[in-house]
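Presented below, as structure tokens, is a lone chain in the form predicted alone.
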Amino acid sequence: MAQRKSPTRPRSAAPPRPRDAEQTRSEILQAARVLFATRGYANAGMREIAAAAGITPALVVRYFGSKRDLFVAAIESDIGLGPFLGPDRATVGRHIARYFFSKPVREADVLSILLHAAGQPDVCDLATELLTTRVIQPLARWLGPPRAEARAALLLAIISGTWLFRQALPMRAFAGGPDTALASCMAAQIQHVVDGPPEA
């Protein structure tokens, strides 16, 4: 008589691997930056951001709360001055010009987010506040007197204007690399503002 085989038990599914919290947060921020930069705040929904990050909308809310809080985090995570200023104050103009004229166009550029925000009443004031507290004021402290805040605002105008016509609304004159005459002019203007007016 054949021996009966004991029935095999179905294998239990492996438990889902826990998410890496830092990686998940980073993926959400990257997806949010791309959508805020390309669609603007009003047209970038939490569902679309979640789908782009490969997670559920509930998880986006768990990490960031509201869409407005996510907008702030997306800007703050990419708005630091470190890459711009470089190691040497005496050559900061050249460093910034080289940074911008060597920089490839990025889909998720923080200046694209701010440009879209300028035309959206829901977040225009918020974007202005972030620029003031995260860029103008720290830059003014770095520059020092005289007229530090005015000089910081002027630097921002030079940099954002260059970015606008190089990346957002590309113009032929801005299309060259870091060794062009335009890049040299930008470097000289920035350095002049950084150095400040000569002492009387």
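Throughout, we count residues from 1 along the sequence that is shown. Since the model is a prediction, treat every value here as computed from it, not as a measurement.
The next section is about a form of this same protein that is not shown, the form predicted together with another copy of the chain.
For the residues Thr38, Ser66, Ser26, Thr56, the 4.5 Å heavy atom test against another copy of the chain in the predicted complex is passed only by Thr38. Across the proposed site, Glu149, Gly161 and His192 without exception bring a heavy atom within 4.5 Å of another copy of the chain in the predicted complex. At the 4.5 Å threshold, heavy atoms of Phe165 reach another copy of the chain in the predicted complex. Although the partner is absent here, Pro121 sits close enough that one of its heavy atoms falls within 4.5 Å of another copy of the chain in the predicted complex. By the criterion of a heavy atom within 4.5 Å, His116 is counted among the residues contacting another copy of the chain in the predicted complex. Taking the partner from elsewhere, Ile136 is found to have a heavy atom lying within 4.5 Å of another copy of the chain in the predicted complex. In sequence order, Ala127, Thr128, Leu131, Thr132, Ile136, Arg147 are the residues of 126-147 having a heavy atom within 4.5 Å of another copy of the chain in the predicted complex; the partner itself is omitted from this view.
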